[in-house]
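In structure tokens, one chain follows: the form predicted on its own.
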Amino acid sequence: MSNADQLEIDKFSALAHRWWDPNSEFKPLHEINPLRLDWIDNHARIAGKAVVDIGCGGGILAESMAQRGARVTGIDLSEKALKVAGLHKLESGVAVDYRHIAAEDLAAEQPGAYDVVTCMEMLEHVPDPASIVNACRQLVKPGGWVFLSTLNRNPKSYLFAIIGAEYILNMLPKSTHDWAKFIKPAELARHVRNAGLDAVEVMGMTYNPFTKVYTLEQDTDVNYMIACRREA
């Protein structure tokens, strides 16, 4: 629990009961999930592989990966979110193993146990994102994949992700994000290198407020993802 912000955990715990409502505060996660799922699957071919989703919350990504045939473990530090994930698993019948454990602790417990590690929309909510990236490197098998996503830190991301999403469009609750915790691609790339991972692809994700559609593009000014591999 040392690399956790209790205020962040409490914030998402308070909303946990709305996780699977596609019209709730988690609507953006539901809308981007097909894009990130396809992107992950296109790289890693997850069917039949052992996958761990760090910061799984209510299980939106974890369940969708399991539906594609992956053997998925989802971990989070919000017990309420994990309870919601467990209840939804019972309704959907999708097999996911949920655990209340920190990434660093799981890495110490099960080093090299996973073919694929995902950590999406979570790094900007922890005090030490580099520690999470290191845990990802420890968890993944040689030759395996690590997928990370977060928010860029620049004036455009403040305008779009804070002012636009939280205050104008009301897509997210106010104070969902702290702009100072956003991570520039160069900073995340440095964490990736320092952890001993190789960055394979950086992909941006953009939102058109007029069409209300998310798309994957090379524009990394706001949301972006990095696909990494551990050397075999």
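From 1 onward, residues are counted along the sequence shown. Worth saying up front: this structure is predicted, and the values here are computed from it rather than measured.
There is another form of the same protein, the form predicted together with a small molecule; it is not shown, and what comes next is about it.
Asks: Just to confirm the contact call: exactly one of 154-162, 136-144, 87-95, 116-124 touches the small molecule in the predicted complex at a 4.5 Å heavy atom cutoff, so which is it?
Replies: Selected stretch: 116-124.
Asks: Look up in the predicted complex whether L29 has a non-hydrogen atom within 4.5 angstroms of the small molecule, and give yes or no.
Replies: Because a heavy atom of L29 falls inside 4.5 Å of the small molecule in the predicted complex, the answer is yes.
Asks: If we define contact as a non-hydrogen atom of the residue within 4.5 angstroms of the partner, is I40 a contact of the small molecule in the predicted complex?
Replies: Because no heavy atom of I40 falls inside 4.5 Å of the small molecule in the predicted complex, the answer is no.
Asks: Answer for Y214 alone: is it within 4.5 Å of the small molecule in the predicted complex, judged on heavy atom distances?
Replies: No.
Asks: Heavy atom to heavy atom, is I9 within 4.5 Å of the small molecule in the predicted complex?
Replies: Within the cut-off, so yes.
Asks: Can you work out which of L188, C56, L197, M65 has a heavy atom no more than 4.5 Å from the small molecule in the predicted complex?
Replies: Contact with the small molecule in the predicted complex is made by C56 alone.
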